[in-house]
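Taking the form predicted on its own, here's one chain by itself in structure tokens.
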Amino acid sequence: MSAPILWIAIPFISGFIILSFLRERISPLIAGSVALILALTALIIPIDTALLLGSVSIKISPSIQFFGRSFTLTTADGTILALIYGLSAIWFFGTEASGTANRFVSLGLMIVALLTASIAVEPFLFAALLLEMAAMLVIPLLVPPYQKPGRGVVRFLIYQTLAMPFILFSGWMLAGVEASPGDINTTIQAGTMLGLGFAFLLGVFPLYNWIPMLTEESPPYVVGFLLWAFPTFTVIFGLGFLDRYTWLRTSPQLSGAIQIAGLFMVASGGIFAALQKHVGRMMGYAAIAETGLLMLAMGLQSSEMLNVTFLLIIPRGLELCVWALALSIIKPKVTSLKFNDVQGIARSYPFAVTAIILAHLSMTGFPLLAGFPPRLALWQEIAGQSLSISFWIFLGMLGLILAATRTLAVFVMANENKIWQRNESWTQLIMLGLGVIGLFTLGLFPQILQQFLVNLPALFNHLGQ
């Protein structure tokens, strides 16, 4: 069996089967189990290496040809595959607790398979087409049947579609830059086109207005999954660009542009979050700020660039999952997620509120939580390069802390006669509890992630050198 069949074809086909034939109650368990098995397989069995199990020899070949295109996953990709499908399993197991429709797990598996294909396809330019296909599959999750899509959904699809031609044209121009690296005009044009493509994909300031719109209009759990999956694969795709082209990797202008864009996202995301009166929009702005931190890490001119970037990526999936799950539990019980409608909700849903606040604080880099070690590592690297950038990061994180404080105050603000009671189901309690335990575990024992980070240099041959 080849690796692309195992980690791309099988989850895609599994998603189709779940959508077509399985009942809603068991589909989260099946989808989560499929993702978990794929994650463990990637972690335990190396690609393109023969293993002897008694008298049986097992070898997973690295590539396959499909319609003239090569899909290749090497041994070095095993770490990323384990992370991707491990975090996906967490999202799928939490589906029943969130009350999300059956099609989330089926289409979610298909989306993850397409996004995985985007980092495996050769020529790599076809990744833009696979990202667009994945974006198309998100639409049925965001828009209920027979309803008109909101402005956030429309803008998301427009921006993702606009990114595709920019990346395709930049790839075509980059081939010319490789042939004649001294052509300054072509180099500038290719860099500009590439930057615009990734700006649309990542929602770089000011192109992120669709994110708070989506968090207000669409199911929180689906939006949280979207805010985890697409930026994660886009960052991996971008790192592949930097690793492939020397002039991109060594360009101080590009590094500076990435950091400036990330700085705007961190600062604006934190400040806007502090001004919100809608809990869902706060999650959107917190995700924007964290994407900005990822961009700042990608712009580091340091050997620790890869480690810091992936240190940020791993907790992000867990933070958004816990936050989105808790919001999904609360949202059906209130008119909206505005402050006026959720005031005093802590007395009815104390565990969901606790999960929201802890996930929020983790995204601010609060000590003992999962977000603290990566932010500390990033801050140490940034402080050695620019104190002004460190100040703006601090301002963004301060805005997120103020937002968390305001949210907590609203949640506990209730009439004294209102009694405390628990309305979360046991399934919801277990999933929220496991998520919170994960946040503290990654915060207290960040060395757990070391086994994932140690293999990154083999995946990106030139970055971090």
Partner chain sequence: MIIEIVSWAAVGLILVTSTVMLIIHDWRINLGALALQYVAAFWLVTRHLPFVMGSTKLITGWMVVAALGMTRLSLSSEEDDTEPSSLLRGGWFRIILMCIVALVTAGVTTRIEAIIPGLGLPVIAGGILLIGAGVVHLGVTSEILRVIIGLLTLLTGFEILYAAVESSTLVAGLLSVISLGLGLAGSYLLLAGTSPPELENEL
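Numbering follows the first chain given and starts at 1. It should be emphasised that the depicted structure is a prediction, and the values quoted were computed from it without experimental measurement.
The discussion below concerns the form predicted in complex with its partner chain, not included here.
Undergrad: Tell me which of 225 to 233, 377 to 385, 81 to 89, 140 to 148 has residues with heavy atoms within 4.5 angstroms of its partner chain in the model of the complex?
TA: Flagged stretch: 140 to 148.
Undergrad: Are any of the heavy atoms in Tyr208 no more than 4.5 Å from a heavy atom of its partner chain in the model of the complex?
TA: Heavy-atom contact with its partner chain at 4.5 Å: absent for Tyr208.
Undergrad: State yes or no: in the model of the complex, is some non-hydrogen atom of Phe440 no more than 4.5 angstroms from a non-hydrogen atom of its partner chain?
TA: No - in the model of the complex, heavy atoms of Phe440 and its partner chain never come within 4.5 Å of each other.
Undergrad: Any of the heavy atoms of Asp243 lying within 4.5 Å of its partner chain in the model of the complex?
TA: Contact check for Asp243: no, nothing within 4.5 Å of its partner chain in the model of the complex.
Undergrad: Is there a heavy atom of Glu132 lying 4.5 Å or less from a heavy atom of its partner chain in the model of the complex?
TA: Looking in the model of the complex, residue contacts with its partner chain include Glu132, since a heavy atom lies within 4.5 Å.
Undergrad: Check for me: heavy atom within 4.5 Å of its partner chain in the model of the complex, for each of His278, Leu337 and Ala404, yes or no.
TA: Checked in the model of the complex: no contact with its partner chain for any of the three.
Undergrad: Could you check which residue among Leu162, Ala76, Ile260, Leu368 gets a heavy atom within 4.5 Å of its partner chain in the model of the complex?
TA: Selected residue: Leu162.
Undergrad: May I ask you to choose, among Leu239, Ile389, Met213, Val121, the residue with a heavy atom within 4.5 Å of its partner chain in the model of the complex?
TA: Contact check passes for Val121.
Undergrad: Could you run down 58 to 83 and flag each residue that has a heavy atom within 4.5 Å of its partner chain in the model of the complex?
TA: The stretch touches the partner through Phe66, Phe67, Arg69, Phe71.
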